[in-house]
Structure formats: structure tokens, C-alpha cells
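Here you get one chain, nothing else, as C-alpha cells; it is the form predicted on its own.
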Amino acid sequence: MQTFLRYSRKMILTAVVVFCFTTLILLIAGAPPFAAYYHIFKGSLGSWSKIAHVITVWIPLTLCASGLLYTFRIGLWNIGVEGQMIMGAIFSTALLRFGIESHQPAVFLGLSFFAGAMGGGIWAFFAGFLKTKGGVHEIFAGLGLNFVAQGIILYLIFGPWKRPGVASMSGTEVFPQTLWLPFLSTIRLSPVGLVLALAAVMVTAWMLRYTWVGLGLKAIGKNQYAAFLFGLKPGRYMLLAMAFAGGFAGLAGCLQVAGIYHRLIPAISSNYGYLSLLVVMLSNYNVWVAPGVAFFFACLNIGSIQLPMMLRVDSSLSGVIQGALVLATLAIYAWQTRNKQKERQN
């Protein structure tokens, strides 16, 4: 209970700091702050169709955040989640292309999820291998692999998978509707993606709390040298955590291809991988809080689209709010930690 109260106080203090900072930015820009907040709210939750758009953003954010919880639990900064999502989309696209001429497109559509998870998992495994065997820090390995993944997707779109007769930034040729995930026609939301995101949260919560995998990840994250003395192998657990994270990110990439765009485009990840890092940090690495933070970020992304039309304010304001949230959280955490250290010294 005390932990919950401390976390609640920190969140309230963070919200107040971010609200004041964002309001100041809006005033400097000459925009009415409360009108901006109103249009963000109305643009994200003002109708069922807008809520559906928010959920379509929430799904990949939640999937990537669920995967990142494994790597953060063991103390790894999986910056490469963006590239893992891209590779999941590429692997899924490769499989779906085989399904175009098949008489059983539903089978290929189902297998595309396994292909996406495999693509993301393999890409994450490369980063983990560089970390455990080559001594390369996971941040540098992940960033490097992100650039490679982006290069691969551009090569495929403008090369072997280009649209007949033309190479375009709009992506590959659209898949036939038989290779689209089923969706609710009124709000164009795929129930499959929603079920996968909810299942990812439940599975992650169970894995981290009740299994030997979760216990091993936590032990190594706290002190990998002590864990090694007790018989745990940190390198093996790091590779396992990276594979889980990449698998979930790859699933998010698959959903972007089969459920949203129905083709492969250069910006298939929509920077959801990087944004999911902020989601996990802001949720204090809590599996039950992360979906709520992801929903809030999704509302900001969708709601901010209204700002240029209604107030002539750039939609990048949502990025300002998201960045301010994380910086305020880190600053408040550092301030609280410093106060605790002073109390112990006194």
C-alpha cells in the first residue's frame, strides 16, 4: 500500500510539472492552452471511430512495451526494439507474398504471426549475441541494427518487392483482402490485434511473476555476479530476454502489415518501438501500469492531429508532452533518491 501511495504521489507531481511546462510552451507559441488540451481530448476520445484509431496505436505500443519488460527486468536497454518491429514486418510480408497465389490465404495469414515473431526475435538475438559474446553494449548494437533494418526495408520496397512498373515511398503493392486481418467494419478495428495485445500483457505478467524465467531475470538484473554464483547463467538469460522482446515487437510489425497498412511501407514501425521505451520507463517498469501509459500516449498521438487544423499548432506538441513526461519522471525520481540518501546520512 505504501508503495502504491508513493507511486501515486510521484505520478501526480509529474503530471503537475508536465502540465505547467506544456502550458508555458503553448503560451510562448501564442496558442490557448486549455483549447489545445480540449482538442487533443476531443480528437482522441470524441467518437467511437476516434477511440478505434487510438486503440490501433495502443496495440503495437502495448506489444512492444510488454516485450521490453523482459529486457528491462534483466537490466538491458533494448534500444533495438524499433528494428525488431521492422524485421517482424519484413518477415510477415515475405510470407504473405507467398499466400497471394495460394488457395489457402487464411493459412498464410495465420503463419504470418509466427514469421513476424521469428523475424523480431532473430534480430533481437543478434543484438543479444553481440552483447554476450562480443562485449558490444546493447544500446550501440540495437541502434546499429535499427539502421540496418531500415536499410533492408528500403532496399526491398525499391528493389525486389517494388510495385509493378514503379518504385514508390507508398510501399509495396497492397495485398488482396483475403490476406487482411478481419476487422469490425464500423470502426475498422481488428479484434485479433486487440486480443494479442491483451494476451501479451497477461502472459508477461504471469511469466515475470510466477515462472523460473521471471525469477532468473530478476535475480540477474539485481546482481548478475551473485546470480552466477548461485548457478544462473546471465548470458543465456540475456539472450532469452532479448528473444522475448524481439518476438513481441515482431508481432507488432506483423499487425502493422496485415491489419493496418496491408502492405509494407518505409515507415511501417511509425516509431512505436522508440515510443514504447518511454511507455515502459514512465510506467516504472510495471506490467499493469504500462498499458494505461500506452493508452495515454496513443491518445496524444491521435488527438494532436487536430491541433494544426483547429489552432494552427504543430502536431509535434504530443512529442513535447511525451518527452516532458519522461524527463519530469526521471528528475523527480533522482530528487527523491537524493533525499533518501540525505536522510540515511543524517
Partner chain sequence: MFKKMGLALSIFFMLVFMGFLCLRPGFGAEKPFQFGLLLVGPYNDHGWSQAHFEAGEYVQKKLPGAKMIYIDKVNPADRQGITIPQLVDDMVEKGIKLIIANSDDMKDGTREAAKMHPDIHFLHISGDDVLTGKASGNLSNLMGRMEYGKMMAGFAAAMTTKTGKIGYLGPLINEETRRLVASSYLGAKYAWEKVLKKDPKELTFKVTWIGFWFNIPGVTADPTKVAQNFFNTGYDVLISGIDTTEAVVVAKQKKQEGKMVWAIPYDYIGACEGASDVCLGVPYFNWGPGYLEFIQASIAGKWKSNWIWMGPDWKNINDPDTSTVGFKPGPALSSSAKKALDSFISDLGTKKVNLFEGPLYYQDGSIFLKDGEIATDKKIWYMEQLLKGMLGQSSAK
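Residue numbers count along the first chain shown, from 1. All figures in this text were calculated on a predicted structure; none of them were measured in a lab.
In what follows, reference is made to the form predicted in complex with the partner chain, a form of this protein that is not presented.
In the model of the complex, the partner chain sits beyond 4.5 Å of every heavy atom of K131. Within this chain, S168 lines the site of the partner chain in the model of the complex, having a heavy atom no more than 4.5 Å away. Remark: F158 counts among the residues lining the partner chain in the model of the complex, judged by a heavy atom distance of 4.5 Å or less. Taking the partner from elsewhere, V293 is found to have every heavy atom lying beyond 4.5 Å of the partner chain in the model of the complex. Just one of V287, I302, L26, M281 comes within 4.5 Å of the partner chain in the model of the complex, counting any heavy atom, and that one is I302. You can rule out all but one of 100-108, 192-200, 133-141, 267-275: in the model of the complex, only 267-275 has residues with a heavy atom within 4.5 Å of the partner chain. Contacts to the partner chain in the model of the complex (heavy atom within 4.5 Å) from stretch 37-73: Y37, Y38, F41, K42, S47, S49, K50, H53, T56.
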